[in-house]
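Only one chain is shown below, in structure tokens, and it's the form predicted alone.
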């Protein structure tokens, strides 16, 4: 067995870190540690002995009385006090109400820090908590932040306790979770927050197994990045503009390339470049923008999904939408562009992110998630390559995976007749009457899929395929009938 990764799994109260992390560890043959049990055990002891947060020395003395227990597969998911398994006791509502206040005591956190760090010796472990990626293990191989709305978390906890989700006790659970979120996120010492390099996994509406799959897939994808012989199914999840990348062998002698900073504002390169591209486009055709541009929000992650019938599509979408949105689009582009000094400089300042087509699948997916999780705009072509005849081709599932994992707002766009402006195989555009960029109604894929096909929405594998089809049908509805191709029906 290989060393494996050190994985930091953070998230708010009742986000499923313990149960999901333990299940993912079992699937992967990893060890698992729920550090929250240490704080809960100390809190349980403190409440029984009348010790409050104002007596840090007494709280620290309780640490030596707490022991983490390992099960037969190495998961440290139980706690013992005085030699007795007290896991059920420390998960009670009394501890729920007090643990945030006790946990914010700096002396207690310091006393537990080194103890937690020693547990990762040997690697191949998932460690769950609220500050693992930011404080306990800042150098973890992979950082995940498991998130869900307070309402979703309250519903899950109510169901676990056999309560009516619409009853008064469930309402009390929701209020308590909101209070704990406020305490955890505003405390001075180690506040609850996602590490800057963490992958945020939103689980609202997910069945338990679907959330486990998210964690397992993220770990396998990172394993593939650190172990060249590892395997991953990520290549089916990439909405890349380089369609044959998955079939090319990796090239080991490539110059390393730094990631492009996310385009967060309309800088001079994007503004001037967009203006020049609009002028050139108008020489060849009349460009019509239809749909409600104002429906695209001014903040938050947005995934623009468009058909790809021509080399002109990025220009027609980016150059004409950037100024109207007031925020820039980010794109994935082949890394060969970055081998030329001038083009590389323009791409880096223009929101183009390098994708090595020899090993693009995982890295491109990470780049895309990084953009969306940071709350910015990413534009992708789900088909993966230009259509040879202007008609929609069967799309890759990557666009749905991005939408489901990030929770970003999806904006379908249909670019009509761009294939007549600049057909595939032609070196230069030709004069045409008009091209239409039609903007569809924004939507959240998980919500739309749950309303349209609840069965598929509850199954991760089915959700990818059904989600892709849903997005593509909405793009097709924005296109002339002749261009609807694989999604004509």
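Here the structure is a predicted model, which means the values were calculated and not measured. Positions refer to the first chain, counted from 1.
Here the subject shifts to the form predicted together with a small molecule, a form of this protein not shown in this document.
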{"query": "The small molecule in the model of the complex: contacted by all of 397, 468 and 483, heavy atom 4.5 Å", "finding": "no"}
{"query": "Residue contact check: residue 429 to the small molecule in the model of the complex, 4.5 Å heavy atom", "finding": "no"}
{"query": "The small molecule contact in the model of the complex: residue 100, any heavy atom under 4.5 Å", "finding": "yes"}
{"query": "Contact test in the model of the complex: residue 132 vs the small molecule, heavy atoms, 4.5 Å", "finding": "yes"}
{"query": "4.5 Å heavy atom contact, residue 184 and the small molecule in the model of the complex", "finding": "yes"}
{"query": "Contact residue in the model of the complex, from 334, 115, 78, 91 (heavy atom within 4.5 Å of the small molecule)", "finding": "91"}
{"query": "Heavy atom contact within 4.5 Å of the small molecule in the model of the complex, the stretch among 310 to 318, 195 to 203, 346 to 354, 92 to 100", "finding": "92 to 100"}
